[in-house]
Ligand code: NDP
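First comes one chain, alone, set out as structure tokens in the form predicted alone.
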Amino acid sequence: MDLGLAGKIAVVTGGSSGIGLATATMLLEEGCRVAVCARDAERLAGVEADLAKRFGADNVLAAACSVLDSAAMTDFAAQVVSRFAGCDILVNNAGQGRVSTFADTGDDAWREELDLKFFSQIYPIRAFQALLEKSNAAAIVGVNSLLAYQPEPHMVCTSAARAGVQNLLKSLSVELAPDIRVNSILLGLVDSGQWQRRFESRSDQSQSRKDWLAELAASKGIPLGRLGEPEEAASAICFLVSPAAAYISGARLEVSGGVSRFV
């Protein structure tokens, strides 16, 4: 199936690892020109070199900056215009989770988490909105979590923030229409560096990674019996930003292995 992405210009935040990197790579494979940003300049430089070698330096742009810096996002957008002369796709992927209950989450932690979750969406959208409005196939995908609808008591702060972000994205799907489509993906557990670190610190050092992950999936009640792969989330994102999904906006797509319990 041709997604119709060839020649499109895509921006991916948090693009130096995990789902962000998998998405950037897949978009390049589909024929997009791609700009990525991330905070870790050293790791980002390595990613840029690798992607440029594989897909051509003219098709790749990388900028070391924070999505929580409004001026930096504006400058990033200017770099994208200078290199690619426009933008068709924005994937807001930057973010992380905070493990804490209500009792042990202080005011500063609340503010930090709400700031991260909301402004990692708000600042990039503000920076790229005018460019997206000039596209004839503009799309935004916000990478969110099942916590927005299915909160966990040990992640009360993140769950609340995720719910607010989902509301924001739904509102934007109306406000920015018909010029820009806005959708989201809701992640369950996806294999990442944090799970590798937890595996390395496992209590039973004789246990294989495969068995450890299977035990983790069983303990979390994941019907498909495993964690997701970054590439599986990237596939969902690439579909939603593509012209193949031209009549989809305001939607949420679960990438969770069936672990959700809400209807």
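Nothing here was measured: the structure is a model prediction, and the numbers come from that model. Residue numbers here begin at 1 and follow the sequence given. Rigid core (definition): largest C-alpha set, two forms, superposition within 1.5 Å.
FYI, the form predicted in complex with the ligand isn't displayed, but the following is about it.
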Touches the ligand in the model of the complex: residue 62 (any heavy atom, 4.5 Å): no
Contact test in the model of the complex: residue 148 vs the ligand, heavy atoms, 4.5 Å: no
The ligand contact in the model of the complex: residue 54, any heavy atom under 4.5 Å: no
Proximity of residue 28 to the ligand in the model of the complex, heavy atoms at 4.5 Å: no
Heavy atom distance at most 4.5 Å to the ligand in the model of the complex, all of 97, 189 and 195: yes
The ligand: the contacting residue among 35, 238, 32, 38 in the model of the complex [heavy atom, 4.5 Å]: 38
Residue among 43, 209, 202, 220 with a heavy atom within 4.5 Å of the ligand in the model of the complex: 43
Residue stretch of 163 to 171, 67 to 75, 125 to 133, 80 to 88 approaching the ligand in the model of the complex, non-hydrogen atom distance within 4.5 Å: 67 to 75
Within 4.5 Å of the ligand in the model of the complex: residues from 70 to 93 (heavy atom criterion): 93
Residue 235 C-alpha shift between the shown form and the other one of 2 Å or more, rigid core reference: no
Is_shifted residue 193 between the shown form and the other one (CA, 2 Å cut-off, rigid core): yes
